[in-house]
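In structure tokens, one chain follows: the form predicted alone.
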């Protein structure tokens, strides 16, 4: 006989809904599973789809907290499924829902890419310069501290957790959100970009941009890459509030 001891039994309540199916209605479906050592929600969802419900939809790519695909609400908190351990839930009851603020595709799958693409176009997320560069020549030198600061903001994986946790973004769909303001700060810092504070003010100098943030700190609290979002939002607000 096997001497393997089963772990505790976990209960998962997962929201299922297909907005493209006129017969579908939002509903919670309950699944039970025995816990294993190091079990993550990615493992749970994969087992459910493989063994219990082949129709379950959710997103994943890297399984290492790098791609940002598996964002979802876990007991009301936005998290990455691949980095969330079942061991962190002592009572063994876990509710999983799709992230709000994004277009729902099906079940736990949402279209963050559509939102991020629109945000990138809105803040003109590319270097603005009139200089003509010779690609065969050495790149222009950049102060190491400025380079580090720029690269720090470039670590955003566009997972959408900051948007989901942002009270303003949930109330006002046109709000550019922490990810958008972080992107603006990244280009404002970059010495290759020739845009002025007046130019950035035209992009985000209103209540749907930098002045719409209520400073609730939820974006920074839930960022899986621990980006200094509130620091950079405050930085951009100081820069743009003086624009006349």
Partner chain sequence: MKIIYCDALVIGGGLAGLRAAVATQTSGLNTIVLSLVPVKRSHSAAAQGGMQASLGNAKMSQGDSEDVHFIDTVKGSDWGCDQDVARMFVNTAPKAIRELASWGVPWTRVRKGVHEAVINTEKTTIVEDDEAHGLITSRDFGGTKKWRTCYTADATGHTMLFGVANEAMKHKVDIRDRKEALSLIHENSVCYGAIVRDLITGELEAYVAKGTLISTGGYGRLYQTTTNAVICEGTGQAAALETGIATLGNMEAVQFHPTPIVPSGILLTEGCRGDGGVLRDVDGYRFMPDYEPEKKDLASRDVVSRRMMEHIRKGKGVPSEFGDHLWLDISILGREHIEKNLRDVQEIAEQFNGIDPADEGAAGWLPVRPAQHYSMGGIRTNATGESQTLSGLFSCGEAACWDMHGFNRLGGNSVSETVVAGMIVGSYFADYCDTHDTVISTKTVHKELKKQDSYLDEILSRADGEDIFPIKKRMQEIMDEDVGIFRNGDGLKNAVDELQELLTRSKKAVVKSKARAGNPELEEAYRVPRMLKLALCVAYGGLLRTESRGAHYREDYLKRDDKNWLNRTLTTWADEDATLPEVNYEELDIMKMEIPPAFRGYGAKGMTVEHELSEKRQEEVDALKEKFEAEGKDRFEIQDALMEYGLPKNYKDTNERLGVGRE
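Residue numbers count along the first chain shown, from 1. Just so you know, these numbers come straight off a predicted model, no measurement behind them.
What comes next is about the form predicted in complex with the partner chain, which is not displayed.
Taken together, the three residues 77, 90 and 202 all stay farther than 4.5 Å from the partner chain in the predicted bound form, as judged by their closest heavy atom. The partner chain in the predicted bound form is approached by residue 56, whose closest heavy atom lies within 4.5 angstroms of it. Not displayed here, the partner chain is approached by residue 142 to within 4.5 Å at the level of heavy atoms in the predicted bound form. Although the partner is absent here, residue 120 sits close enough that one of its heavy atoms falls within 4.5 Å of the partner chain in the predicted bound form. Although the partner is absent here, residue 25 lies well away from the partner chain in the predicted bound form, with no heavy atom inside 4.5 Å.
For the options 29, 67, 189, 216, the one in contact with the partner chain in the predicted bound form, meaning a heavy atom within 4.5 Å, is 67.
Checking 208-216, 194-202, 171-179, 46-54 against the partner chain in the predicted bound form, the stretch whose residues place heavy atoms within 4.5 Å of it is 46-54. The partner is not shown here, but in the predicted bound form the stretch 121-153 reaches within 4.5 angstroms of the partner chain through a heavy atom at 121, 125, 126, 127, 133, 134, 135, 136, 137, 138, 139, 140, 141, 142, 144, 145, 147, 148, 150, 151, 152.
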